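In the block that follows, a single chain appears as structure tokens, in the form predicted alone.
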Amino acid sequence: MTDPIDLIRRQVSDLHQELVRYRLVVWTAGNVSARVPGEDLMVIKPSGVSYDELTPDAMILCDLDGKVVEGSHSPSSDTAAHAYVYRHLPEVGGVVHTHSTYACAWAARGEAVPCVLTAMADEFGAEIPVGPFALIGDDSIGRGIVDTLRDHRSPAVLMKSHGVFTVGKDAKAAVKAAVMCEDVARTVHISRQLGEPLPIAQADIDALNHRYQHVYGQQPAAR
């Protein structure tokens, strides 16, 4: 049987290529992490390593205090932030950070992306909120993420003057949220060049989100 940590290493390594594929990162910026199910451990990208050089073996295994358990590189500079999220949001299984262009433009303004598209209602169920400005290196960013998302339906937060952090039930879901965040940030930005986007009624946002989360796609067969 495949070791569960080896499986998570491979998944996290592969998901970093999705950030490149969807043009959410440049150079060595950005990162993906995943909680190891049933363990107080996480796997995260090494710091400053090119995406072309990322392999499962290069991924860093850390505890949920951000301390390296296994790995030959230093972990991401955002490790403390990811660890804080996992410690305080037990339902989160994956965290992603990007500096995607349009979402970062909203973050630079310190402005939430309003929920004016059905795709936003589907994925985020609300506006994409703005979290506080925080310096990199300790758990300050993690605190801002948790404080912003704890009682919010959105799986994405725009950290002021910084970038995007997304969470999900697993790392793949967090990557999907990062992709969708950039997509809607771009569309709403373009819409505002033409005029003020039209709001969607809260009841309709709720209905759209419920359908997407519980009805859309292939649902488990009833027994």
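The numbering used is simple: start at 1 and walk along the sequence shown. On a predicted model such as this, the values are computed, not experimentally measured, just so you know.
One more form of this protein exists, namely the form predicted together with a further copy of the same chain; it is left out here, but the text below deals with it.
- The candidate site formed by 7, 153 and 169 is entirely out of contact with a further copy of the same chain in the predicted bound form, as no residue has a non-hydrogen atom within 4.5 angstroms of it.
- The contact residue chosen from 64, 180, 54, 36 relative to a further copy of the same chain in the predicted bound form is 180, the criterion being a non-hydrogen atom within 4.5 angstroms.
- With a 4.5 Å cutoff on heavy atoms, residue 49 counts as touching a further copy of the same chain in the predicted bound form.
- Using a 4.5 angstroms limit between non-hydrogen atoms, residue 111 touches a further copy of the same chain in the predicted bound form.
- In the predicted bound form, a further copy of the same chain lies farther than 4.5 Å from every heavy atom of residue 164.
- In the predicted bound form, at least one heavy atom of residue 102 sits within 4.5 Å of a heavy atom of a further copy of the same chain.
- Counting a residue when any of its non-hydrogen atoms is within 4.5 Å of a further copy of the same chain in the predicted bound form, the hits in 185 to 201 run 186, 187, 189, 190, 191, 192, 193, 194, 195, 196, 197, 198, 200.
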